[in-house]
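First, one chain by itself in structure tokens, the form predicted alone.
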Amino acid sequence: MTAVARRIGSSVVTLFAVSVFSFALLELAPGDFFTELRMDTRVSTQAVDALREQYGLTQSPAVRYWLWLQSFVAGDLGFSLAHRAPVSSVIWERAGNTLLLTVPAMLLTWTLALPLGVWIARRKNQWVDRVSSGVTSTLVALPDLLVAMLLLLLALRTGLFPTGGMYTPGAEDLGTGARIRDLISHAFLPLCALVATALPALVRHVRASVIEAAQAPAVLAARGHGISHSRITLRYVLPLAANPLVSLAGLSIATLLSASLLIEVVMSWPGLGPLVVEALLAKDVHLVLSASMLASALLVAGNLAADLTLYVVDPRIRA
């Protein structure tokens, strides 16, 4: 349990470091939320100064960070100047929209990657392996932005899928079934983009892990006893390949989350991505910090869950 407590403690330290660096980067950027208002000749300098003082922007950076950290630990995410509302009321709906993409994308990606990786590994050095290696290498080399733009271009040319948003205008008047179908049609394109960016690398990792596990003495002995390939794969190879794949599952959360934030901006999906971009441009400090902490918390939670899973299933880790 000491190792588990140490791992949880390191996760807390990581989140604290993310908050410090995020706040420092925002402070290094020139100006603040009211800088543009100061350039408006219709607004007096005294009025802008009064607003800055009202929202605590005249305090030192250390004091403002400490006040935000205290409120964040207490569950108060602060106030969004751009939206004139508490950050919590702004960010949770957007976070749900992001998870609406990333969770199905992760499930679908792993559902495809595991059988594909095992199937390709069983055909090592055959033409299937060589073709898949070339295809996955090409897809891994493509930037996420390019993948999203190509899919968006395909949708524009064919007209088969909506090219932006989460619902069709007026969808709130539709029935429940029609509204769900409308949501699925809008989510299909960004979901395909997420799967296309994450799947090639996962297939390559699964293939490598399965090939390595297939060379283990236990597997070779089972093969010598004439046990069928499918049973060897399920009973021996996959359990031996589980450790690196469990760790990879935690890391894949970071890949999908970072790709999701970019794809949301390109495809106008109302998730955390567009919200963070708007908040950065407006220098809405509390909103940027809370969004960064939420994304980091999802990443840390995924890695922590992977580590704890390894701790439970592998006695060597406990030792």
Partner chain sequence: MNRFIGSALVVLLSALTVSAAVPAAITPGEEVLVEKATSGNHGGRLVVALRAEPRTLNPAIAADAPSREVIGRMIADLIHIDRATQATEGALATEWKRSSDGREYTLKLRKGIRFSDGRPFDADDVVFTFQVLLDERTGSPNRDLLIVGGQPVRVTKVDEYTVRLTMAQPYAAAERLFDSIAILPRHLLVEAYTKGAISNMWAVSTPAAAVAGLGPYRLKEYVAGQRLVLERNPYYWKTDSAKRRLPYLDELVFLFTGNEDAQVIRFQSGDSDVLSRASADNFGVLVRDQAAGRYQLKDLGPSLEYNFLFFNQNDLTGKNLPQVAVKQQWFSDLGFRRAVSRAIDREGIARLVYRGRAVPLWGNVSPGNRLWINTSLPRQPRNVSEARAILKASGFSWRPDGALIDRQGRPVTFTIVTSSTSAQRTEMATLIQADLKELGMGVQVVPLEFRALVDRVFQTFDYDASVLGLGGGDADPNGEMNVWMSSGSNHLWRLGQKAPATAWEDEIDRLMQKQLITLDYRERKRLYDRVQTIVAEQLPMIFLAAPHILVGARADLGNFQPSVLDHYTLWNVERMFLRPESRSVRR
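Numbering follows the first chain given and starts at 1. Here the structure is a predicted model, which is why all the values come from computation and not from measurement. Rigid core here is just the name for the largest C-alpha set that superposes within 1.5 Å across the two forms.
Although it is not shown, the form predicted together with the partner chain is what the next lines describe.
*Asks:* Taking the partner chain as it sits in the predicted bound form, is residue 33 near enough to touch it, meaning that at least one heavy atom pair lies within 4.5 angstroms?
*Replies:* Flag for residue 33 set to yes.
*Asks:* Is there a non-hydrogen atom of residue 281 within 4.5 angstroms of a non-hydrogen atom of the partner chain in the predicted bound form?
*Replies:* Output for residue 281 is yes: heavy atoms within 4.5 Å of the partner chain.
*Asks:* Hey, in the predicted bound form, is residue 94 touching the partner chain, heavy atoms inside 4.5 Å?
*Replies:* Contact check for residue 94: yes, within 4.5 Å of the partner chain in the predicted bound form.
*Asks:* Decide whether residue 168 counts as a contact residue for the partner chain in the predicted bound form under a heavy atom distance cut-off of 4.5 Å.
*Replies:* Result yes; residue 168 sits at the interface with the partner chain in the predicted bound form.
*Asks:* Quick one: which of 290 to 298, 252 to 260, 42 to 50, 58 to 66 gets within 4.5 Å of the partner chain in the predicted bound form, going by heavy atoms?
*Replies:* Among the candidates, contact is made by 42 to 50.
*Asks:* Checking a candidate spot here: are 161, 164 and 185 all in contact with the partner chain in the predicted bound form (at least one heavy atom each within 4.5 Å)?
*Replies:* Yes, the whole trio is in contact, each within 4.5 Å by some heavy atom.
*Asks:* Taking the partner chain in the predicted bound form as the reference, which of 245, 121, 152, 195 has a non-hydrogen atom within 4.5 Å?
*Replies:* The residue in contact is 152.
*Asks:* So which of 156, 103, 73, 131 gets a non-hydrogen atom within 4.5 Å of the partner chain in the predicted bound form?
*Replies:* Filtering the options by heavy-atom distance leaves 156.
*Asks:* Classify residue 60 as shifted (yes) or not shifted (no) between the shown form and the other one, where shifted means its C-alpha moves by 2 Å or more with the rigid core superposed.
*Replies:* Superposed on the core, residue 60 moves its C-alpha less than 2 Å between the shown form and the other one.
*Asks:* After superposition on the rigid core, does the Cα atom of residue 278 shift by at least 2 Å between the shown form and the other one?
*Replies:* No, because once the rigid core is superposed, the C-alpha of residue 278 moves less than 2 Å between the shown form and the other one.
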